[in-house]
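Below: one protein chain in two forms, given as structure tokens, structure 1 then structure 2.
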Structure 1
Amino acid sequence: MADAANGRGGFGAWLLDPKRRGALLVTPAITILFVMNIFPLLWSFGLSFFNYKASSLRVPSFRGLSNYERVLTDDKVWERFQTTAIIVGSSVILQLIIGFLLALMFAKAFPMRRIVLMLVLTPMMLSFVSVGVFFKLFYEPTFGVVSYLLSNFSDERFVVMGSPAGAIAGIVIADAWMWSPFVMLLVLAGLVSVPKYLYEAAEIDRASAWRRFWTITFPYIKSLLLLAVLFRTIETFKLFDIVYIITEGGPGSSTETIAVYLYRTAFQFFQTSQSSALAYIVLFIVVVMTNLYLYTVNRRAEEVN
């Protein structure tokens, strides 16, 4: 009665009790997480065991593991995995080379270093859609800059996206242009952490440049390089936006990555259950690579400590 008279009684007072304040604060976040993430995951996982099409009004029928068996025995799926592996391998190697060279350049002082560094980092801050549209226009056979420059070496107009090799190279270059600065930042962090007295001692011993790199520099950057490889492999494995905007998987299906094939299966062919099974196979691969990434991060933290 006294609490009610002072305006501190009723449901509001019960709800705002300090004992319940913590749970009250996290409830909205947990609710959003469940509605936006956990429920769709559980729903799609359940659909992967049924025969269901989003475009059909038929009642789903239980199929067990047949969708997973169908996906794993489909030659098209393995061809898309091979295409994805080619793009991932080529792109990550190119990013490592460019990122490492940029890190060596920015490890030393030179005029306008900060301005140049800011310009180099700009691609990483752009959206995938912007980068995809930029490079689609660059590769345009009638007015694209790349096609125009390459045409100077032949009498005919060069169509970059006209062949599977050219299309894959176009995607790899676009992805490497966007994410090489990320590799550069990681390698640069390793380079600036090398104590200078080690190089001075090596100079006194007249060690060659290769020996200085292999015995002093490389031990400091090797874990960061591995970190860059794992992180970029995971991200490039899921590459969809740039591929779909630049080539839409063409010519033919030569650049159709597993992410693009998954999109077509789900939203163009409306094979909902099959696409759910494929999505969980891709998720399993990403989880394995993510665990490798976390293992590397933990090892790096132990080395630093």
Structure 2
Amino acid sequence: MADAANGRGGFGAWLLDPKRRGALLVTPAITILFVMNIFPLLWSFGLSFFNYKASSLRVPSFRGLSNYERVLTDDKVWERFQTTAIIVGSSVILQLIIGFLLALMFAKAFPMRRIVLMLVLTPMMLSFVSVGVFFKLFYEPTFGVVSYLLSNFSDERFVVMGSPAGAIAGIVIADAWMWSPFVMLLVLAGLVSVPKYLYEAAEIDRASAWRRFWTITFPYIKSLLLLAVLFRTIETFKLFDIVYIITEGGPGSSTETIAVYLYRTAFQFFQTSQSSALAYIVLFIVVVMTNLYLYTVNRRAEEVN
């Protein structure tokens, strides 16, 4: 009783025993993770085998693998995958090029470098919604800045978003504008880690600029570039906000990514089970892509060793 009064006995003392303190500290995090992530993940996986509409109070009925079959035989799904692949491919390549060039620029000292660097990093810190709205207004053909600037060279208003190719380009540019600084940061980290004596030695050997880049710089940034490819590929694969705000998937369905289609299926058409099946297929693809990357990186590491 006296121990309890001193805070050294009873349930409190048992709970705060050093043996249990670690478990006690991680329990809230694990609980939140389970409630917010693991449970919905398992629940939606279960739903993908049932016939269920979230807009209806009807009891779900078991359908086995038919939702997966339906999704995988749906032409619309494959069209959206193609659109996503085009956007991911174009956007990631553009981000790598711009990010790499920016990193090369910022690897050297120049006046006001810090301020310019801060400005270049700003897009990455903006919300998707802001970036989407900015670019929607930039591309607006009646009063948008792009149309306005180009009207100096032509009598006709320039309509960026009027064709599928223009709309895809518009989205790719917006996404690249936002995320090239991220690639730049990773590459820059690699560039600044190259020991200076290697360049000095190369200079003594009178190695060309290309030779210096290929034999000294590139090995240091290669793995970081691959990391940038992985991160940006996965993120762009899930691209939703910018597309939805700028084009809503149009013209027609030419910019509708798989993420936008998934959203429509789940929250506009309320095909809950089918959308769960599609979500798991997307998850599977992302997991496969990640593993391919890891396999490639590990193989290269083994080769180097």
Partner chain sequence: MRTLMGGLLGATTLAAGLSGAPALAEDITITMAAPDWPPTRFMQEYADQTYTSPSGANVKLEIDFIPWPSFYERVAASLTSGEQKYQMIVTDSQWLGAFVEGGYYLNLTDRIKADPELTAIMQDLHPALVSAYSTYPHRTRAQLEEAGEVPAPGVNYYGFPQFPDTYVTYYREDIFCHEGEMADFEAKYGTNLPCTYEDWQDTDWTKWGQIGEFFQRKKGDMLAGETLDDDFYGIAYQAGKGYDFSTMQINAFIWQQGGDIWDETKAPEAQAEGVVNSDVAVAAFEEYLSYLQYMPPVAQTGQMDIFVIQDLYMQGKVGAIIDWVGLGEPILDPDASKVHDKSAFAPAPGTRQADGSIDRTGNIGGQPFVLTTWNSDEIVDEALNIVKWWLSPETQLEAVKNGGQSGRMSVMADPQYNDLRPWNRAHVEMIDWQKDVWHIPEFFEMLTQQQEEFDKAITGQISAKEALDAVAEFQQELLEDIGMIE
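By convention here, residues take numbers in order along the sequence of structure 1, the first being 1. Note that the coordinates shown come from a computational prediction; the quantities given were computed from them, not determined experimentally. Take the two forms, superpose them, and find the largest set of C-alpha atoms that agree within 1.5 Å; that set is the rigid core.
> For this pair of chain forms, which number matches the form predicted together with its partner chain?
Structure 2, not 1.
> Superposing on the rigid core, does the Cα of F143 end up 2 Å or more away between the two structures?
False for F143: its C-alpha shift is below 2 Å.
> Relative to the superposed rigid core, does the CA atom of S208 travel 2 Å or more between the two structures?
After core superposition, the C-alpha of S208 moves less than 2 Å between the two structures.
> So, does F153 move by 2 Å or more at the CA between the two structures, with the core held fixed?
F153: C-alpha displaced by 2 Å or more between the two structures.
> Given the rigid core as reference frame, how large is the C-alpha shift of L33 between the two structures? Answer in angstrom.
Its C-alpha moves by 2.8 Å once the cores are overlaid.
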